[in-house]
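Below you will find one chain, with nothing else, as structure tokens; this is the form predicted on its own, and questions on how it binds or moves follow later.
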């Protein structure tokens, strides 16, 4: 029993970590909680559904095309909603309200196009899983964990090693200094939204291989991603992995003796505890800077 709960926690945690790293990459450049990130997660799943089931494309091609379209959606959100606010030096509260507005608009648009019914990306018969140390894991679950962790580490390496990644870190640490040395902050923000949104879309597609798709799926996802980010230290990319796995394991082990409906409550209790313990960040990391 406990082995299966740990496995379920790792699966959920890998998805939370993928959402959290995408959220973190965007947060580093714009310095506010982009709640619209959650609806990009949902859009990724619906885009994959449309490409695979409606247009009958190859599943791998559908996956990568969905990532590209999720990236374009993230760019569109920034260009249409956030860039005008930056030009007018809007306060953080206005950004927060705008992100909620974008979330609600796109969520309703998804429901208008696809309907409110529950959909699924799963195909074919359910196959028996493999027994590993007393826990049963299926091929789909192996795929979810593997792809999530691969994408997470690719995102981390991008920020750590590439020229664009270093530019994102420079804009995050000192926007004025970055402009002085010739870094185009608007271009960097665009790149951050593209990569962060693609990772959110990937998370939505992967989880939809295991669970159902519904228009409101993005709200719970972004809340878990934000909690994972706070647990790991907001702006800390390695911490996002720790936070995601910690949250996934805590949720699933927490329902060992209580009902599964308490999962979300457990997540919010964890959030409150971490905020009380260290409101300025976790693991010794400041909220707006990352030490890699």
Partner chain sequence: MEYLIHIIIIAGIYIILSLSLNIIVGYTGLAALGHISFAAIGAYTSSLLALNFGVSPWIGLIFGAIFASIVGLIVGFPSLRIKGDYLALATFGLGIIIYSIARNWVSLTRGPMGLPGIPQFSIFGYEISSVWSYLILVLIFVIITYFVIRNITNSPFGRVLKGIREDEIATAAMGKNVNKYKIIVFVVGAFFAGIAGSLYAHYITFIDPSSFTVMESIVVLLMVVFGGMGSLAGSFIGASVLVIFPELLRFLGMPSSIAAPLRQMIYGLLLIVLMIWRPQGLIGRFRFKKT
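As the structure is a computational prediction, the values presented were derived from the model and not from experiment. Numbering follows the first chain given and starts at 1.
Beyond the structure shown, there is the form predicted in complex with the partner chain, which is absent from this document and is the topic of what follows.
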query: Candidate from 153, 100, 114, 130 lying within 4.5 Å of the partner chain in the predicted complex - any heavy atom; finding: 100
query: In the predicted complex, the one of 85, 145, 119, 209 near the partner chain [non-hydrogen atom within 4.5 angstroms]; finding: 85
query: The partner chain in the predicted complex: contacted by all of 81, 92 and 265, heavy atom 4.5 Å; finding: yes
query: In the predicted complex, segment of 226-234, 55-63, 42-50, 242-250 with a heavy atom within 4.5 Å of the partner chain; finding: 226-234
query: Residue contact check: residue 271 to the partner chain in the predicted complex, 4.5 Å heavy atom; finding: yes
query: 4.5 angstroms heavy atom contact with the partner chain in the predicted complex for residue 75; finding: no
query: Distance check, residue 138 to the partner chain in the predicted complex, heavy atom within 4.5 Å; finding: no
query: Contact test in the predicted complex: residue 105 vs the partner chain, heavy atoms, 4.5 Å; finding: yes
